[in-house]
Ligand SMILES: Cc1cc2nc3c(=O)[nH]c(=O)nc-3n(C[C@H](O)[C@H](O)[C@H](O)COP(=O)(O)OP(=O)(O)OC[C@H]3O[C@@H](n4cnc5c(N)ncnc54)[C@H](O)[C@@H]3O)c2cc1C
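Coming up is one lone chain in structure tokens, specifically the form predicted on its own.
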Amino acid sequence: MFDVIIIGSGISGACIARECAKYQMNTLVLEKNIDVASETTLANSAIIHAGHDPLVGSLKAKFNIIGSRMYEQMSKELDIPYLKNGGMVVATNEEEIDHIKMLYDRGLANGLKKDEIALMEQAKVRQLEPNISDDVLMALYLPTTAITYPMEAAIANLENAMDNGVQLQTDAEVIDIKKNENYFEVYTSDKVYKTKYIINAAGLYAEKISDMVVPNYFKITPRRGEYLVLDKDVHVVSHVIYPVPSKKGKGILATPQYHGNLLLGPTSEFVQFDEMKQTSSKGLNDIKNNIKKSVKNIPFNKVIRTFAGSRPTPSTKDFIIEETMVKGFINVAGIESPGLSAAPAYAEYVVEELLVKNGDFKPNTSFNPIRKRVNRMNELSIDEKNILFKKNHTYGEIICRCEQVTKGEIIDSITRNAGAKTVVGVKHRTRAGAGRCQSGFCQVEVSKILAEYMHIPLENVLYQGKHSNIVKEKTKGETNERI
């Protein structure tokens, strides 16, 4: 019997799992995919928003600012990429100027301090961002805006949770839930788990999970966002550049990424579930046309990748974070923007207010908040690299040339708790394959390392999901030599 089962391993489930680990709770995370954090958390803008945009009094507003203030400490404890580079909402006409003035007032009402939000005149905007559009007249300046790496944020929380006793089961889709008198039975395709509490953090599939216990509680609609990724040698803006938001969302952004690329997007379009990861020529062209209203001199010939992700847009128009009328069943659903920013805050709320107060769980006095440091060779000094290489020679063997990722880093990403199980899993933990050639050189070598350290045949190595085998069968000319 588990005390808590968390369904979903995105940023919500991961942060909640870590909070559960701070108490004497027997906790299990169930994830339907082969790897963790591979849905909404995998494909988003990576921004820790300041808290200027959510409607006053909403759960989004309540948790956004608290969560954004928690990120820096969490990132230090868990060795998560984090860069506070600031943001600007830019206005190009008088109507938009009125709008950013309204956002200024809203930000203060939401709890931002006066040194955390400011109106900035045109001359100062151009001084800070020379490539801002000539049409920009004024900006709302947000110095606490930051960027992170969402998948690693989720992985780091899960890894630390597992280091402190939480269990994780991937490839375990929940197909049914039955409520007994004082516990639940959670059914997957091959196992039944018993638990006192369920936390539904299933993201895009939260409606499906909720309907198993409390039918027709809310609706979730996928809203697709498409993106362009530019090469690392593109240095157009240093801040996150927002347009004035619309009913569809925050608009087409220009977002410098922690690892050096420039991200443009997202679009915003309601789609069917089978369309939510597909890019479209219309969507990608809309990004190019709309970003010019905010930023100029963007070299679109430097685009190295396009992708799409989906946000779980709820019928309630706000986060759904509450225990339902079925005691012990807790929904953490409808987590769209600013969900990444708010996650540490609402995770703490769920555990402290909805679990600990009801279940009388005792603190875990042996909880260790520190995650073992990730060795990122491209961030180390020459002396640090030499010390590491002397301890382990695999850190001197470059596998990904574009991102300078070593074999040692890839092995580490596989062998840690919540480790990589696929080529894409390695990519999102180490950046191997994320560079200019998009894994043209390193995919074969990454596949071999996965086979070796997962103790499986090369033909069983998966690219991302089920049935995505890269190698079909052995051939007569197979060799262990490098290709």
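Numbering starts at 1 and runs along the sequence shown. The shown structure was predicted, so the numbers you read here are calculated from the model rather than taken from an experiment.
Although not depicted, the form predicted in complex with this ligand is the subject of the following passage.
Taking the partner from elsewhere, S337 is found to have a heavy atom lying within 4.5 Å of this ligand in the predicted bound form. When contacts are judged by a 4.5 Å heavy atom cut-off, G309 counts as touching this ligand in the predicted bound form.
Within this chain, L59 is remote from the site of this ligand in the predicted bound form, having no heavy atom within 4.5 Å. This ligand in the predicted bound form comes within 4.5 Å of a heavy atom belonging to N33. Of the stretches 51 to 59, 418 to 426, 453 to 461, 38 to 46, only 38 to 46 has residues with a heavy atom within 4.5 Å of this ligand in the predicted bound form.
Proximity to this ligand in the predicted bound form, defined as a heavy atom within 4.5 Å, holds among G328, G225, P256, G408 only for G225. Between this ligand and the residues A202, A161, I252, V89, the one pair within 4.5 Å by heavy atoms in the predicted bound form involves A202. For the stretch 169 to 188, the set of residues having any non-hydrogen atom within 4.5 angstroms of this ligand in the predicted bound form comprises A172, E173, V174, in sequence order.
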